[in-house]
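Quick setup: one chain, the form predicted on its own, written in structure tokens, and binding and motion questions come after.
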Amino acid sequence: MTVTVPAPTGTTPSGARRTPPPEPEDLELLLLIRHFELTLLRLFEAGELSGTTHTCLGQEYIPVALSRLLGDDDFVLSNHRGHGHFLARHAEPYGLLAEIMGREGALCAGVGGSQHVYHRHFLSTGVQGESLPVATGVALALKGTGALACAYIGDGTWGEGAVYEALNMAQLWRVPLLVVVEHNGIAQSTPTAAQMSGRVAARAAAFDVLHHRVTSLEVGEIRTELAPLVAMVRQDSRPLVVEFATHRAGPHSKGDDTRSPEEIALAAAHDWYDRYARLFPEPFARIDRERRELVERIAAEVTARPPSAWERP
């Protein structure tokens, strides 16, 4: 079953929808995540980082929109592309970068790295589909408390059997579970159309799990749209799948973009960054510069720290 909410009513005299400016706090967070991710790619290019990383360029607006709908007692379970999820949940860019670089002050003493972070009701994993069964168990423990578990997955994760087992249990047990699907149309290097038949909505419906699709890029509009649905997850203790039609503006990981130039251009055309820069030039330019300079300072300080020392308990 797909649930809908009323469409926004704000229009220009010609009938076109107005785009309200984002709140300063939202724009600050959006641009913090953007420059954090760009800095990671530059650090990899400079040989300052080891392993790999998966940036959320182009998709930052999703966790930012959800951030104010989640409470302190809620749990967030993320995936391999989780830096934006973390920064929208916790304003701790120093600790996150230290974790990724294995430096002093790291969130998990440097043993989790980019993909495996556990910190204050936040857990990320690089194993496809792993977070959803865990989130279902967490949601079961939260049932009746008013809190919920929020799990982020991608469209490629629907190829994992654990997703269906988790949805089945979540609906049978009526747990407060919010499943956020970041549907960017490509699973690493495979177009979704080449590896997934049908629709996400139909797969949720197979378990009688409610589904809602979001196409907007506007943080405030998304938040207004989802607020009553997230409240329903809490109050009625039931799972909900929210599918975002989004675009990945960056590579899969630190440089392996297999898409055609036309596909990359299409993703760039849907990037909120250029849209906001064009629509709101003054506040955007100022806050963009401030966030870029902040992340530069963070990177310089964390890079100068000694390696993290982990002691077995």
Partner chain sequence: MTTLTLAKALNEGMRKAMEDDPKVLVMGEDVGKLGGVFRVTDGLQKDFGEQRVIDTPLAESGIIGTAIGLALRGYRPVCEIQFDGFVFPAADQIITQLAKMPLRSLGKLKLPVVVRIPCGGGIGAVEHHSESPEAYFTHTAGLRVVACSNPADGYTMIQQAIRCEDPVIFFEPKRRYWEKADVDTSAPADDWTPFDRARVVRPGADVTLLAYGPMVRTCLEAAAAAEEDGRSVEVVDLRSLNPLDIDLVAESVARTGRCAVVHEAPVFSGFGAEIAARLTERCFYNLEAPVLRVGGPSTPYPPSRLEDHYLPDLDRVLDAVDRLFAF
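Residue numbers count along the first chain shown, from 1. Predicted model only: the values in this text are computed from it and were never measured.
Although it is not shown, the form predicted in complex with its partner chain is what the next lines describe.
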*Name the stretch: of 84-92, 235-243, 117-125, 219-227, exactly one has residues whose heavy atoms fall within 4.5 Å of its partner chain in the predicted bound form.*
117-125
*4.5 Å heavy atom contact, Gln195 and its partner chain in the predicted bound form*: no
*asked:* If we define contact as a non-hydrogen atom of the residue within 4.5 angstroms of the partner, is Gly156 a contact of its partner chain in the predicted bound form?
replied: no
*Please check if Gly137 has a heavy atom lying within 4.5 Å of any heavy atom of its partner chain in the predicted bound form.*
yes
_If we define contact as a non-hydrogen atom of the residue within 4.5 angstroms of the partner, is Gly102 a contact of its partner chain in the predicted bound form?_
no
*Which one, Leu210, Val180, Val214, Met169, lies within 4.5 Å of its partner chain in the predicted bound form by heavy atoms?*
Met169
*Thinking of Phe44, Leu69 and Ile264 as one candidate spot, does its partner chain come within 4.5 Å of a heavy atom in every one of them in the predicted bound form?*
no
*Scan 97-118 and write down, in order along the chain, each residue with a heavy atom lying within 4.5 Å of its partner chain in the predicted bound form.*
Leu107, Cys108, Ala109, Val111, Gly112, His116, Tyr118
